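The chain below stands alone and is given as structure tokens, in the form predicted alone.
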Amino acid sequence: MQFTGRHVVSIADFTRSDLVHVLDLAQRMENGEFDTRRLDGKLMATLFFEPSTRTRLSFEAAMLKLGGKVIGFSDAGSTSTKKGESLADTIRMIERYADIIVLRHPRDGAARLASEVSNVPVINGGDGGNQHPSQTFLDLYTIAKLFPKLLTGDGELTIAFAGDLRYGRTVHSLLTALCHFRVKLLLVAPRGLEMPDQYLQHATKAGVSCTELPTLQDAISQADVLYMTRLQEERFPDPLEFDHIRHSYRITAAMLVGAQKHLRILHPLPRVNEISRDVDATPHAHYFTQAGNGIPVRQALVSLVLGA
């Protein structure tokens, strides 16, 4: 596939070979096989209409490490959006300032809209509860480094998703991508926050098994990878119900006693209280390493779409 000039809007736009190509380049980036000034003279615009720590800073770090420069904002309240400027007009203006745009927006479909009006590549940094493709690339990269058989196909991986599976854009993207590989998926979510049917149907069509489990402990005992997500308090009309639920979706070190030794716990972060701090000291915790993998992965994506 031709990557130069391509938008990165949805993980569903990528084939298995596309995914593997990006992961291979990310590994070579991490190994230091490329000229660190390959994007000298290129400019990235980071347009973050929602808060972000890891996504924005790792994209900026990736660009700077490759010799490029960065402009942008992390607070839409300081932009002409406050005056009523449309997203389409913002994109049409910014494309004249930068060679590539990274966009995070609270509205589902915002990245697709931006890609339809932009003449420079747009990378979706998360649009509402919809998609987060660059996070998926770094999640796949993390899992493949831990379990090389993901890419070789030499055995099946069991991956559990837990938490808010209805609105969690990271799990939507990751489930879609994992349907290209030999995996079995386990799903643990509170009532009302289950994985949307469209993603379950996609998995079924791809021949990937999805099993809903009643408790987090069930997932811990079976999984190779446990992918935790934050329960969003704002989704619960009853604060008492949320307080009860959140304690049922919290991992502690004591809960990991019966886990497989090779179990690794991932989380797109930020965490609130769904992973106890005492888990950090266990060999199962891998979420901070996961976050660090965002730099080589995003270096790879930016280099590819800029034709470098």
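One-based numbering along the sequence shown. For clarity, every value in this text was computed on a predicted model and none was experimentally measured.
As for the form predicted in complex with phosphoric acid mono(formamide)ester, it is not shown, yet the points below apply to it.
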If the criterion is a non-hydrogen atom within 4.5 angstroms, does every one of Asn31, Thr142 and Lys145 touch phosphoric acid mono(formamide)ester in the predicted complex?
no
Any idea which of 244-252, 48-56, 278-286, 31-39 reaches within 4.5 Å of phosphoric acid mono(formamide)ester in the predicted complex, heavy atoms considered?
48-56
Partner proximity in the predicted complex: Leu64 to phosphoric acid mono(formamide)ester, non-hydrogen atom cutoff 4.5 Å:
no
Non-hydrogen atom contact Leu43 with phosphoric acid mono(formamide)ester in the predicted complex at 4.5 angstroms
no
Check whether Gly258 has any heavy atom within 4.5 Å of a heavy atom of phosphoric acid mono(formamide)ester in the predicted complex, and answer yes or no.
no
Phosphoric acid mono(formamide)ester contact at Pro268 in the predicted complex, heavy atom, 4.5 Å
yes
Taking only heavy atoms into account, state which residues of 117-137 are within 4.5 Å of phosphoric acid mono(formamide)ester in the predicted complex, ordered by sequence.
His132, Gln135
